[in-house]
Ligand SMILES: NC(=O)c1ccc[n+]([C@@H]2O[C@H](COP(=O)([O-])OP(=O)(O)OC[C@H]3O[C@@H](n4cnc5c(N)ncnc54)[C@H](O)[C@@H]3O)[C@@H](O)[C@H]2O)c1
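Below you'll find only one chain, the form predicted on its own, shown as structure tokens.
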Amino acid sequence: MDPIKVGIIGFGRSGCNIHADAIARMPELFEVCAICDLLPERRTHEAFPHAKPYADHRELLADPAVELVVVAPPNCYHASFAVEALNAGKHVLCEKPFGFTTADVDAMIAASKRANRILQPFQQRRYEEDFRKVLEICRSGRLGAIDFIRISWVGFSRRWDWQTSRRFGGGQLYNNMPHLVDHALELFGERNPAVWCTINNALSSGDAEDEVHLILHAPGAPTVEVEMAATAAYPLDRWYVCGTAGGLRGNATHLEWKWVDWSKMPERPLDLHPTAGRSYNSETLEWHSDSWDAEQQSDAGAGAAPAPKPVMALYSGLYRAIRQGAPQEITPEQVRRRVAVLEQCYRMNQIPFPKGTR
């Protein structure tokens, strides 16, 4: 094997605890050879003792040993650092948010094409077991036509770090919502949705939102509701799906669904005559049911570090794209659609974009 040499810009929770830790599990595919962070004490990793430390990301980009740059500084720098890395001839894996606007994404895609380098969005939750199972059930037709989907990541907690500050592009719309909206759009289908979104800062110490309620709608598509709340003292199912033949509910570790086989039921044509005894329509339904339990570790939802296997799955696909010329499994063009939805949310709530956003 020929491990890809990786430089990581930003060695905080994501750069260190997600990316470097995942790469350490895949030594035959990747090796961290350079680490950049503003804090000197955060430029090392025990699994990569020979990684060169840098204080300035431009010095890392000038390192000829670096083939792939992981862009993981605060949110407001993602798009500009990704373009700089591509212009330096590096492949790029860009953390979410993958830009704040479609113009950001278009600039990254253009730089990728000019440099003939891979630009990989970090949408690793696309590989999560529960999401893939929900997608499979919804597409199977078992539940009939899908009419409504609710995705909930809620809890009761306060935050007071940079992720709560608009100055750095903080807030849940571009922190954890990129994962939920990515899931929502995969379930929604190919139509362009109408978007409604409301936000609130309930408990965080900064000026950015910690609660988001989002609805996607289009004729012929399911209505998809996505909610993230910091004031939910009681838990909710992460997944709630309604279809014309049944429904599904559950979370990252357990899903259950039930359905009616309408072909075994009598037809019910419209009858405008009074019902006997002034009663309401009723019938006995024969329910069928099934369930699923996760085989691997799952995360605890919003704000928790991702489980390692989805991260490693994304990295494995990236290795194949770089070394073997395989097509990317998650493309910038796919994720541009998700960015377009979040951009609409910012604009309808009159939130100023971070400085430097296109």
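It should be emphasised that the depicted structure is a prediction, and the values quoted were computed from it without experimental measurement. Residue positions are given as counts along the sequence shown, with the first one as 1.
The same protein also has a form predicted together with the ligand, omitted here; what follows describes it.
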Inset, instruction - Examine Q124 and determine whether its closest non-hydrogen atom to the ligand in the predicted bound form is within 4.5 angstroms. - result: yes
Inset, instruction - Using the partner position in the predicted bound form, report whether D37 sits within 4.5 Å of the ligand, counting heavy atoms only. - result: yes
Inset, instruction - With heavy atoms only and a cut-off of 4.5 Å, decide whether R25 touches the ligand in the predicted bound form. - result: no
Inset, instruction - Tell me, yes or no, whether W196 is in contact with the ligand in the predicted bound form, where a contact means a heavy atom of each within 4.5 Å. - result: no
Inset, instruction - Go through G141, P235, G89, P74 and name the one with a heavy atom inside 4.5 Å of the ligand in the predicted bound form. - result: P74
Legend entry - Partner-facing stretch of 155 to 163, 275 to 283, 255 to 263, 201 to 209, counted where any non-hydrogen atom is within 4.5 angstroms of the ligand in the predicted bound form: 155 to 163
Inset, instruction - Report yes if all three of G10, I18 and K96 come within 4.5 Å of the ligand in the predicted bound form by some heavy atom, otherwise no. - result: yes
